[in-house]
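Take a look at this one chain, the form predicted on its own, written out in structure tokens.
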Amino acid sequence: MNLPFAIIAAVIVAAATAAMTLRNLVHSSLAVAVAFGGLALAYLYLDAQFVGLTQILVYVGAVAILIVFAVLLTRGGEPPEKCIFSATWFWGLLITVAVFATLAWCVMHSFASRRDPSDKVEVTVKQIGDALMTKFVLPLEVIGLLLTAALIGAVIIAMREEKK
């Protein structure tokens, strides 16, 4: 593993950990935005330009900002609740380590990890865009309508009714 990838991975892990552990919801949602940005950097570093730019546009530009606005509209002025750890935190940690070890063993012993890597496929963002605008135009429009309906629903839920 080289140094730039290690730095990007450390930023992603630190931001995700901060999102889970911070008590202030605004800070936690901003940490999620940083984790999404770090994932976009990782994709761009691994030469997956389309996935990286889509990560920036969709997750950092839309989902993370929507989370921040939702938190600010619903719970912005409330103080953070006092965090009380469960009495069974040890069992949760033990199960987490067991699941991680099982998944790591499965990945290390899988067929995909033992075969030789294939030749690099040269797919450009232009080719993906052409395919989206010709062959896959109907699914693209359906996803656009679905996201628009979800945004309208989020705005309606977030609106506060005025008392008469």
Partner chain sequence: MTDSLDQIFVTLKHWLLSGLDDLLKWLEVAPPGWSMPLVSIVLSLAPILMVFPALFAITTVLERKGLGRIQNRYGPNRVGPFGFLQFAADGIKALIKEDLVPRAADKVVHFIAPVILVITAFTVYAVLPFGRNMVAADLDAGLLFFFAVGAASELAVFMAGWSSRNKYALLGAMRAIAQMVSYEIPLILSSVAVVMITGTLSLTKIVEAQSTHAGLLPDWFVFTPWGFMGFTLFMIAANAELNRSPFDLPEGESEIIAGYFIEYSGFKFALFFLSEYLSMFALSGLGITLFLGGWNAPFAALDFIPSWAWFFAKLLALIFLFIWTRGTLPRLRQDQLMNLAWKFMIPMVLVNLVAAALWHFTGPGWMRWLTSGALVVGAYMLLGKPQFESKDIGKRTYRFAD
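Positions refer to the first chain, counted from 1. Each form is matched to the other, and the largest set of C-alpha atoms that superpose within 1.5 Å is called the rigid core. As the structure is a computational prediction, the values presented were derived from the model and not from experiment.
Keep in mind that the form predicted together with the partner chain is missing from the display, and what follows is about it.
Of all the residues from 48-63, those having a non-hydrogen atom no more than 4.5 Å from the partner chain in the predicted complex are 49, 50, 53, 54, 56, 57, 60, 61.
If you fit the rigid core between the shown form and the other one, you'll see the Cα of residue 151 move by 2 angstroms or more. Core-aligned CA deviation for residue 130 between the shown form and the other one: 2 Å or greater.
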